[in-house]
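The data below hold one chain only, encoded as structure tokens and taken in the form predicted on its own.
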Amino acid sequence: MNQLPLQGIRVLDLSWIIAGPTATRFLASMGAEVIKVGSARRPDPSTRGPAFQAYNQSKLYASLNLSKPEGLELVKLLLAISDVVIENFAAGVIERLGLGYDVVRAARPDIIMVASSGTGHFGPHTDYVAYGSLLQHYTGWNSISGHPNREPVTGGLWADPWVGMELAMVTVASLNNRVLTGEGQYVDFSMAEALSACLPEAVLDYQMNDRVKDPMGNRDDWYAPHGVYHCFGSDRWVAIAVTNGSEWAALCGLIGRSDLTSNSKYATAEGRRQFQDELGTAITEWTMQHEDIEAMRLLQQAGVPAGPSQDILRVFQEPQLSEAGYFNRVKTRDGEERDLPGLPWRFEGTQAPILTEAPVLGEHNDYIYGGLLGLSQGVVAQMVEEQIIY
């Protein structure tokens, strides 16, 4: 059986919380040996919650106090035997720690350093401290999310895992470039720019038409009907997206309202968008007679794009995800088993992704300091006593 694509790659993970650990979790699942570095002096804040178990699967975990000169020297030794180093501190933090790219490159000239921050490491806002939830506001995402005439959506933490996946892809691309050129590189990754790149229509609409996009709920700029409709049962809904005339006719036939297709004001998508409220009433009269899964099945059979709007419990129980292999059973150190998310892609002809439970701080100190760096047990014990390995 072929190896996983990143077999033989070592990644030094200096990141924390969500975005960086998500990226290195993907790299570890694809076969890379990921060494997460943390310290009891300043623990990863995500350790307090269950999300840590998903973001840090399949990694090794070393405890190391970077505030001590001896700790800094140990990091340099690890850099010398690593292919990639990833950090996602605020701009300037890694340099103040004494681990800027010049130092990293001196330890290994062809290393790839991926530095992710809220707004990047150059520009007038580079010193801003930012989390993904704040950047969703900074980039305008939340201003166009939600329903008209209501306050913008204020929460959500989707930006960090989204950026984490992009960081993983950038890292793999950089590794591929090194194979072709033999050169390492420094990657300055801006979370704000990554999020803004996902809003091309809104940005171009302002540039070309001097028009600021407003929130529109579940509706669409072009398609109609397009929304989420109440079904039979408490808090049950089905999403429907009509994208052309044949789907519109199929929808009308299914709900028993062929009269709508003969009405000229609904003949075009523009007309249907204009009268979505009254169309929504007609559609809801039909959806309320069906449970959401049944409504989706009937709509799909008729050729109308549709799907149930599910809560997290139902997503977890979704047979498509479990039977397709997305959820994976992971055995924990206390002997229990837990289903955790896997990879959203498959590699044909290779071994299964590496998925183990998240480690605890210092769990792999013996292997990392003794096995990889060759330090004696006595030296390691002394460093533990002096809170260098801490």
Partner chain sequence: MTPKGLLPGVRVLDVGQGISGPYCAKILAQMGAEVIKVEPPAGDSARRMGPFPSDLPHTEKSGLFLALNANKYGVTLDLSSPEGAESFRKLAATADIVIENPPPISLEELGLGYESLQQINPGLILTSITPFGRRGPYKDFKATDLILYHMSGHAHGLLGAVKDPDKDPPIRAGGHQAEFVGGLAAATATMMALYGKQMKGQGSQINVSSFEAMVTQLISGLANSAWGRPAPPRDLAMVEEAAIGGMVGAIGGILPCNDGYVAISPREDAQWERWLVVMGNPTWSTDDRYSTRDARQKNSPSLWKLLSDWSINYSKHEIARLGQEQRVPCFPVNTVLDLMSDEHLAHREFFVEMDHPEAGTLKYPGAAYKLSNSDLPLTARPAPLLGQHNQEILEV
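For the two forms, the rigid core is made up of the largest set of C-alpha atoms that agree within 1.5 Å on superposition. Numbering follows the first chain given and starts at 1. In this text, all values refer to a predicted model and were calculated from it rather than measured experimentally.
What follows is about the form predicted in complex with the partner chain, which we do not show.
query = Thinking of the partner chain in the predicted bound form, which stretch from 277 to 285, 73 to 81, 308 to 316, 263 to 271 has heavy atoms inside 4.5 Å of it?
reply = Only one stretch qualifies here: 308 to 316.
request  = Although the partner chain is absent from this view, report whether L14 comes within 4.5 Å of it in the predicted bound form, heavy atoms only.
outcome  = No.
inquiry  = Would you classify V228 as touching the partner chain in the predicted bound form, given a 4.5 Å non-hydrogen atom cut-off?
reply    = Contact with the partner chain, yes.
request  = Flag P353 as yes or no: does it have a non-hydrogen atom within 4.5 angstroms of any non-hydrogen atom of the partner chain in the predicted bound form?
outcome  = Although the partner chain is absent here, P353 would stay clear of it in the predicted bound form, with no heavy atoms inside 4.5 Å.
inquiry  = Contact with the partner chain in the predicted bound form for E291, defined as at least one heavy atom pair within 4.5 Å: yes or no?
reply    = No - in the predicted bound form, heavy atoms of E291 and the partner chain never come within 4.5 Å of each other.
key: Any residue of 13 to 27 that, in the predicted bound form, places a heavy atom within 4.5 Å of the partner chain   = Contacts from 13 to 27: R25, F26, L27.
request  = Compare the position of the CA of R41 between the shown form and the other one after a rigid core fit and state whether the shift reaches 2 Å.
outcome  = Result for R41: no, shift under 2 Å.
query = Does R333 show a Cα shift reaching 2 Å between the shown form and the other one after rigid-core superposition?
reply = It does, since the R333 C-alpha is displaced 2 Å or more between the shown form and the other one after the core fit.
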